[in-house]
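Let's start with one chain on its own, the form predicted alone, as structure tokens.
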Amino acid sequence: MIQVTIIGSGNVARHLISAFSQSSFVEIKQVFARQTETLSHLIPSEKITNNFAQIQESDLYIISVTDQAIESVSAQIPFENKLVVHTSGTVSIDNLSSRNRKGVFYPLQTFSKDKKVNFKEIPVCLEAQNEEDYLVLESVAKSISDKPFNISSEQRKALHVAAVFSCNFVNHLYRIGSEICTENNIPFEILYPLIEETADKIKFLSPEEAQTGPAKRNDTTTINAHLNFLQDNTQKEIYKLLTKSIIDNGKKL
């Protein structure tokens, strides 16, 4: 069994606590949270501290805080030559303090506070400075996920940008679609089957093959009708930009 200390109390930290609590391979030795009461429903209060000086020895320390705080937090871990990792999609492994062995344990998923996830299906991107530490991280990842991946810091930067396009920007487009529906007294749920089918079919087709719609067909009549319908200038500009990108991509093929 591997003893793990988690530093942080945000969405990723909370989901890791829940996942590790169900693992027979990992023991959560301790959790650091500035406001200890925020995690009391997930783990016994005696395992929570808000004092770096009270952090106990573990086999692995997982820093799950904001990107801006990773470097300073790693410097405050009161041990040397321990395996310390962060969960960021963008921060380099080099940003961790050199007092300890460095690594990355990045679960590639969108996490919300009150939305449960199946951690077994979540890819966990791993990086370490040596093979022995990588194998430790791989074992820990496999205890909660079926999808560990060896991903370098440079690859992780590219992956995070791709994830922003594929998740965050897409979700913003859902918000615009919801707004248009609400303004016209249409229930947004009418789009659920379309959204689900769009997400599902890229498991079987490439995004290029799955692309449909007026921009794909270069249907200028429909495109212009849509632009005339939209009254919000930001929505119009987004529509124009995405339409142009789809049309231009079709010309490359």
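Everything numeric in this text was worked out from a predicted model, so none of it was measured. We number the residues from 1 along the sequence you see.
Not pictured, yet referred to below: the form predicted together with a further copy of the same chain.
Option from 144 to 152, 69 to 77, 127 to 135, 94 to 102 whose residues, in the predicted bound form, bring a heavy atom within 4.5 Å of a further copy of the same chain
Among the candidates, contact is made by 144 to 152.
Within 4.5 Å, heavy atoms only, which of Q54, S40, Q35, T212 is in contact with a further copy of the same chain in the predicted bound form?
Only one option qualifies, and that one is T212.
Is L230 a contact residue for a further copy of the same chain in the predicted bound form, using a 4.5 Å heavy atom cut-off?
Residue-level check for L230: yes, a contact with a further copy of the same chain.
Please check if H226 has a heavy atom lying within 4.5 Å of any heavy atom of a further copy of the same chain in the predicted bound form.
Answer yes; at least one heavy atom of H226 falls within 4.5 Å of a further copy of the same chain in the predicted bound form.
Although a further copy of the same chain is absent from this view, report whether S45 comes within 4.5 Å of it in the predicted bound form, heavy atoms only.
Close contact is absent here: in the predicted bound form, S45 is far from a further copy of the same chain, nothing within 4.5 Å, heavy atoms only.
So, in the predicted bound form, is S139 in contact with a further copy of the same chain at a 4.5 angstroms heavy atom limit?
No - in the predicted bound form, heavy atoms of S139 and a further copy of the same chain never come within 4.5 Å of each other.
For the spot marked by R175, I195 and L241, is every residue within 4.5 Å of a further copy of the same chain in the predicted bound form through some heavy atom?
Yes, because R175, I195 and L241 each have a heavy atom that approaches a further copy of the same chain to within 4.5 Å in the predicted bound form.
Partner contacts in the predicted bound form for 1 to 22 (non-hydrogen atom within 4.5 angstroms of a further copy of the same chain)
If the 4.5 Å heavy-atom criterion is applied to a further copy of the same chain in the predicted bound form, 1 to 22 yields nothing.
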